[in-house]
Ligand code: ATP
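Just the one chain here, laid out as structure tokens, in the form predicted on its own.
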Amino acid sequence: MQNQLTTYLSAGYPGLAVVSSEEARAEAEIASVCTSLKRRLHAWSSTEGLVDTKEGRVTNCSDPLELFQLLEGMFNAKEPRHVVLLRDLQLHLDQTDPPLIRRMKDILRLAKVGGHAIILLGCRLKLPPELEHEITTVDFSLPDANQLRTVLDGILKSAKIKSLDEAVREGAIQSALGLTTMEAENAFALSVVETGGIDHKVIAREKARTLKRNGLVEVVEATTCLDDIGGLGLLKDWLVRRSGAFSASAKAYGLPAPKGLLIVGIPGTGKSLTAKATASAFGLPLLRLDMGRVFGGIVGQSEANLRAVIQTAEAISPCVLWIDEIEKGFSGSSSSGSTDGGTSSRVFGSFLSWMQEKNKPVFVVATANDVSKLPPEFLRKGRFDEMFFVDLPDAQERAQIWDIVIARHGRKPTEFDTVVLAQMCELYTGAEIEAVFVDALHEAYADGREPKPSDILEATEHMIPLAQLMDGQIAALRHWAKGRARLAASRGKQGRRNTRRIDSN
């Protein structure tokens, strides 16, 4: 933030805003910039009044109108140049007070003439239309590794831990990325209390709880690997060949970090499972974003939520950001804005811009069932590295899925003829195959015995596969994928490096 703030103040911007819940850290960075530019910093709050941070002089004025009257006298003086930090003004702006808005516009105009500046600081920013073009937002990122290292050193000193292995230290720092300094300090302190030292697992656990409590993104433990997926050989091979692209050697080679992957296809065919396995294949933390949580009812809240998600993902990077059924979140972006005032379009545009321009190693894995709801600009090259289509599994893939499902539920695949089972489930998805075996387990458990092939056969008689219920939609999806997406699984004699597109079906 300091470079951007220095530039704006030097250019004479009269109104700035810093959105952050880390008030103390933001104030420290603003003070540092003011010192380097030789600006006089004042800080105002509704409880303390106006404080001259250099001399410590306090002027009582809890009302912002009283404050602006004081600032008028300060800003009329050419020297020194003043920077006034306003902590609690957002609460007053929420009341839509016309005299306050008018007075603030007058003060901003006076600040512009005299080379002064006003900085709004708070955890949110909602400006009335009259001030939207008067205030410029300054980006304030979450703490980086160096800043978290300073926090950790403070905890170690307080706990009288004199030495810490460098690998343990770096593991703790990586686990804390994405937290504020206060949240990281609490996580480090909790680790000391629980384990008597620094344990990255405790810190990662607390980060997962914190992000889940925030409600926008959550940390998902990546327990699924590529071997847990039946079939999809070409897609898994593509992921394996890019698993080293986030390493230091890849960066030195000049290889840009992969941007992301879009997986479209029939429900239940392993798209979400692949998204989870991607994090394991890359050896990166996995974040899950529910696009429905991004959209809020307050004006500007949705855009602010998306910025918070991006900020968190970039702070934790390198990481994998998983967005499941993305078409549901962006299906309204192509509307005229009559239903939501254009919020979906603005959020969608911001997300597209970030996908195109992001320079932090955040690998986005998005899944979609109904790709027809996605706007065309979302699908073009540059947003994602590749788009794969996942079709119904063939006989060989169904046999692999049966092996995995049976083993996952604590039975030996060798006790079942999975080739025959695969033939019985010709139009089944992986999710439906697992549902059939679970049904067979229930029947066997009720009879007090182990499941038999006859139980599976009986379960299939009650199962109507999705391919029969939605044959028209699946045919339309296959038609759309023809020539547009890569096939996730090899068919026939296709080789490992196959890059052919979808054949007509």
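Since we're looking at a predicted model, the values are computed, not measured. Residue indices: 1-based, along the sequence shown.
Just so you know, the form predicted together with the named molecule exists too; it's not on screen, but the next bit is about it.
With the partner omitted from this view, the residue of 122, 233, 260, 268 that lies near the named molecule in the model of the complex is 268 [heavy atom within 4.5 Å]. Only one of 228, 97, 72, 218 comes within 4.5 Å of the named molecule in the model of the complex through a heavy atom, and that residue is 228. Proximity to the named molecule in the model of the complex holds for none of 345, 374 and 485, with the criterion being a heavy atom within 4.5 Å. This chain is displayed without the named molecule, yet in the model of the complex the stretch 404-412 from 404-412, 303-311, 84-92, 355-363 comes within 4.5 Å of it by heavy atoms. By the criterion of a heavy atom within 4.5 Å, residue 430 is counted among the residues contacting the named molecule in the model of the complex. Remark: residue 434 counts among the residues lining the named molecule in the model of the complex, judged by a heavy atom distance of 4.5 Å or less. In the model of the complex, the named molecule lies within 4.5 Å of some heavy atom of residue 272. Residue contact check for residue 369: one or more of its heavy atoms lie within 4.5 Å of the named molecule in the model of the complex.
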